[in-house]
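Here we start with a single chain on its own, the form predicted on its own, put down as structure tokens.
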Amino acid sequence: MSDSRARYLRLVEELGQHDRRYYVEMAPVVSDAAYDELYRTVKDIEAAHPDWIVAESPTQRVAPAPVSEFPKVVRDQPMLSLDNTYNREELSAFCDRVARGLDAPAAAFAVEPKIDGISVELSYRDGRFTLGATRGDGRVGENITANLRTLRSLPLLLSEAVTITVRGEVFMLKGDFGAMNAERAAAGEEIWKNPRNATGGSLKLLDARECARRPLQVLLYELVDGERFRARHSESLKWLRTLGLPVSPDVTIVTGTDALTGLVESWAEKRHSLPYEADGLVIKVDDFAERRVLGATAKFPRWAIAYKFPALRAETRLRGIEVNVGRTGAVTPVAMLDPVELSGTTVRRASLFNWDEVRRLDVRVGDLVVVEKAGEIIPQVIEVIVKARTGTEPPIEEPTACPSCASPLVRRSGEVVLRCQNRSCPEQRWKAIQFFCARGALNIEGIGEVLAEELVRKGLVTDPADIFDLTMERLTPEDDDAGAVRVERMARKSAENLIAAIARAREQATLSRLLIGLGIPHVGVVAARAIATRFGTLDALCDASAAARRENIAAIDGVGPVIADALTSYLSDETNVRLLGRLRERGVSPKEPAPRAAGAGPLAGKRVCVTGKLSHPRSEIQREIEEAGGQFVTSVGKNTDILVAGADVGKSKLDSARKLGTRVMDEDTLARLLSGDE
């Protein structure tokens, strides 16, 4: 290596150290002018020697051009949600569960503020930042590496050449959020509602250059597979800090229920002094070995919980009640309100949960009511200001008939919810169809709320199986016969796209997605994947005896008897059996891809980069690469094994691949490699 290039690499490393001291440690050792001069020197060297440029150079934080879409990232270890607790009693119950699970009198807990931001997962390979993804549904997120590289607080190169995966929260400081809103208002632009929405929108920008203009920060809260590196979570955070990664300074270790409760209560006022929005505290068992013993349910880790701060409240006027019919037949009251600002959003509707709650509150039309966000998400009416009444407010009567189909409403034994039991109820039907077609289920693009309702209203669809009978002729009849069924606003091109989406769903749907789409009680995303992996195919699930099916499901780790009973009951119902039979007759009999063994597949251990215009969506190619055991990367480096080049490829990646000896292939060669013919 020449002395000049060695000097360039030293300057890049020095800039990285200055970024760390300024953005992470908040203790800069050089002036802004000195930093800018150093930056210009590096930029000049790179202009003269473009082949010297390294990915960790601060000049490379911003991608030169926008992307067309965010590829999907499938993670081995899902990002589970946290169960919530709202009071001292629930917190004590959590501590008791942990103690029983460990058969120990007390555990040590790590406690830190729960930042109200956007969760991300970051991967470093040999100390270099290689991949950043959103949480998504926990298992599948979106690749936003280019946008995350623009965060000055996130190092591109660690102080050690380690390969790790970390998780954290991206957010805006309160001061930065206010300043940006002031700028937007001055420019005549719409102001942002709250820092979290502004952060989420920024990370979704397809042009990283625009994202770089947003004042985003990141703090890391978890080292994935932390037990491989340290014995305790708190020790792993200290180690991450030595690597140059930004970690919250407000992590406290306490032991036992009393100490934990006292610490939580001390945050009641202290939360307001934080420079960012926090909606609660995250409480985790500190010892990694103890976490392993406690394990997780289908949704939540048993070793962690989120304590939510009391929600902010607002007063407004209740103007009426909307009676809502859900896809399961639950008939619930929804309060229609005068618009009011609450936790950064405009609230016009709020939940009243059920008719018992209406009676308990004695809420009436015209009442002044108190509204808050349950868990900072769902607006709910929690109080009526009785002294503000004029005496003219009429009471709210509980309905006796379904507003959609006029069927009598009933309460099942042990339930508080009022329910319509008519399976032909139009509102239940179209909401079930909408749910079946949603992105997290069969992902039939085009069938949203409006079209689902119209398809049911026109009699074209009565259950999910009917979707697969839709044709161009049925959606857009060409004759003017008075009896022809026409779908409003359905142009021919829209109909063609919908038919294509239905065909893709028939061919590509997995068993877990079908189970989710059927809306089986208690069967969520995690449980559906576990059940689908156990049975493999819809045929195997349907054809198993009830006893064998229940035994198999109940034995799945994290699923248990409640979900087993729910699925067994669903598959024993004749109406559901007929529906599944009709789906299978129409070619909807999906399989669940078998988890690939570590190190298996034609691309096992290979790092693959894709560039240029391709005949298939990039997200689909990424999925194929990962299912073949490969790792999808977004740039060509010394560890990249394959560059797949499509049409209109830029020179930079091809030149880098040739210099580094990376194998370059076209899309057809990749297809042959994936099929084992290459």
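What you see is a predicted model, and the numbers here were worked out from it, not measured in a lab. Heads up: residue numbers just count along the shown sequence, starting at 1.
The same protein also has a form predicted together with a small molecule, omitted here; what follows describes it.
Asker: Tell me, yes or no, whether R139 is in contact with the small molecule in the model of the complex, where a contact means a heavy atom of each within 4.5 Å.
Answerer: Flag for R139 set to no.
Asker: Verify the contact flag for E112: yes if a non-hydrogen atom of it lies within 4.5 Å of a non-hydrogen atom of the small molecule in the model of the complex, no if not.
Answerer: Yes, E112 is a contact residue.
Asker: So, in the model of the complex, is T568 in contact with the small molecule at a 4.5 angstroms heavy atom limit?
Answerer: No, T568 sits far enough from the small molecule in the model of the complex that none of its heavy atoms falls within 4.5 Å.
Asker: Answer yes if any heavy atom of T261 is within 4.5 Å of a heavy atom of the small molecule in the model of the complex; otherwise answer no.
Answerer: Heavy-atom contact with the small molecule at 4.5 Å: absent for T261.
Asker: Just give me the single entry in T85, T332, T316, S119 that has a non-hydrogen atom within 4.5 angstroms of the small molecule in the model of the complex.
Answerer: Selected residue: S119.
Asker: Only one of K431, R75, K284, R529 comes within 4.5 Å of the small molecule in the model of the complex by heavy atoms, so just point that one out.
Answerer: Of the listed residues, the single hit is K284.
Asker: Quick one: R20, E56 and L158 and the small molecule in the model of the complex, is every residue within 4.5 Å by at least one heavy atom?
Answerer: Result no, not one residue of the spot touches the small molecule.
Asker: Heavy atoms within 4.5 Å of the small molecule in the model of the complex: which of the stretches 332-340, 467-475, 295-303, 572-580 has them?
Answerer: After filtering at 4.5 Å, what remains is 295-303.
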